[in-house]
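First, one chain by itself: the form predicted on its own, in structure tokens.
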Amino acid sequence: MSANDDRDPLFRYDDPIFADERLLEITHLPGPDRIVGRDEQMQRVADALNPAIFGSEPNHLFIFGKTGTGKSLISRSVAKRVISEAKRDDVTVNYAFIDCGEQNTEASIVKTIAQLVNDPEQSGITVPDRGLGTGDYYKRLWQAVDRCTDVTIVILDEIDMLEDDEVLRKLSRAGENRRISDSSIGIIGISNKIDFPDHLSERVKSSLSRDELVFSPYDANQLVEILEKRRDAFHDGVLSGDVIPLTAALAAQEHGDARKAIDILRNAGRIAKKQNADRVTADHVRDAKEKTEADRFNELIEGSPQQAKAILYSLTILTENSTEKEFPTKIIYNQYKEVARRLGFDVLSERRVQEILQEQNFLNVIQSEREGRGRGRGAHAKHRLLENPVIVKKVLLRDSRLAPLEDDS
């Protein structure tokens, strides 16, 4: 009797679809030979970081572009190559990748950078998760940087989500202010908001000299090539011939988002496996597109208060029932009052609804723009959904508190 005979029959021990599903994970960092259509951008990032190879301070760099255009991928990939090249000359380079969507306070960012670059055996210090004030975390960061690295590269993804930009000033001026003496720090800031620098404080603008780089969306041919580089995530012969071209075409319609293309391909494989299919087909891809969009929107609004969801639902109803796509706050507020009444919610003031709409704009759930009414008549905001209203409604109605609205579906 083999050991395999004792396996729990509740679980599955073969995978007829995926050979290595990890190749389709967002966290997977592909090798340079798998990176497509970003040679120019990769060279620009390399130019900014090049001084680090010799132990000198790299140039600070801000990178802009829509979601899924390779900004984080290229930054991390080039940083790893810098670390490898510097090691040849006994130069120690380290990098800290921070997602500011998850960690956006000064204290949490400083603490995390310190934890990522610190080697307690070299520095003689530890960086605890809690118990220190922001100033103490800075002290430990400077010690860790000076004692453990020659150059530290700090990559701040979604930098526009920072609660306070003071951390940028302190990091960029650490050497000048003698916080560190034996090392240097380079900053790469990544954002999908090209006007983000306009909102920096004057102190940061004056201290943070940097280069800027824009990543354009991928076209359908580039997306096909990207997906072909991930084909080995599947067993041979599992993907039908139209799967990759269709996945690329669907993602190209959505601003050339490579991350979305990879998500769709992975979800198509999962749907095929769940259905016990032998192959992944175009039908699986179409089902996967809807699932991917719903999952992404759910991530955006996860944890949002019920009142915010009621306001989003109101905008969704307006969008579905009108040829217009943009609506003034007043129109949304009138619809919201009816939705709140049906849900038994307290009705918020119009000013508070406007504030929540602006918060959703900041989170990229909706898009808001101020529009002039004419000379001497001021301006008002208009808001529109960034996602298909069918998807938005489906996700919002997953919240049991919004169940009384099911009749609208």
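Each residue number is its position in the shown sequence, starting from 1. Given the structure is predicted, the values throughout are model-derived calculations rather than measurements.
Not on display, but discussed next: the form predicted together with a small molecule.
Partner contacts here mean any heavy atom within 4.5 Å of the small molecule in the model of the complex, and among 259-267, 136-144, 238-246, 84-92 they occur only in 259-267. The small molecule is not shown here, but in the model of the complex it comes within 4.5 Å of a heavy atom of residue 38. The closest non-hydrogen atom of residue 51 lies beyond 4.5 Å of the small molecule in the model of the complex. When contacts are judged by a 4.5 Å heavy atom cut-off, residue 73 counts as touching the small molecule in the model of the complex. In the model of the complex, the small molecule sits beyond 4.5 Å of every heavy atom of residue 336. This chain is displayed alone, yet in the model of the complex one of 380, 384, 352, 66 has a heavy atom within 4.5 Å of the small molecule; that residue is 66. Shown here without its partner, the chain carries 218, 226 and 230, all of which come within 4.5 Å of the small molecule in the model of the complex through at least one heavy atom.
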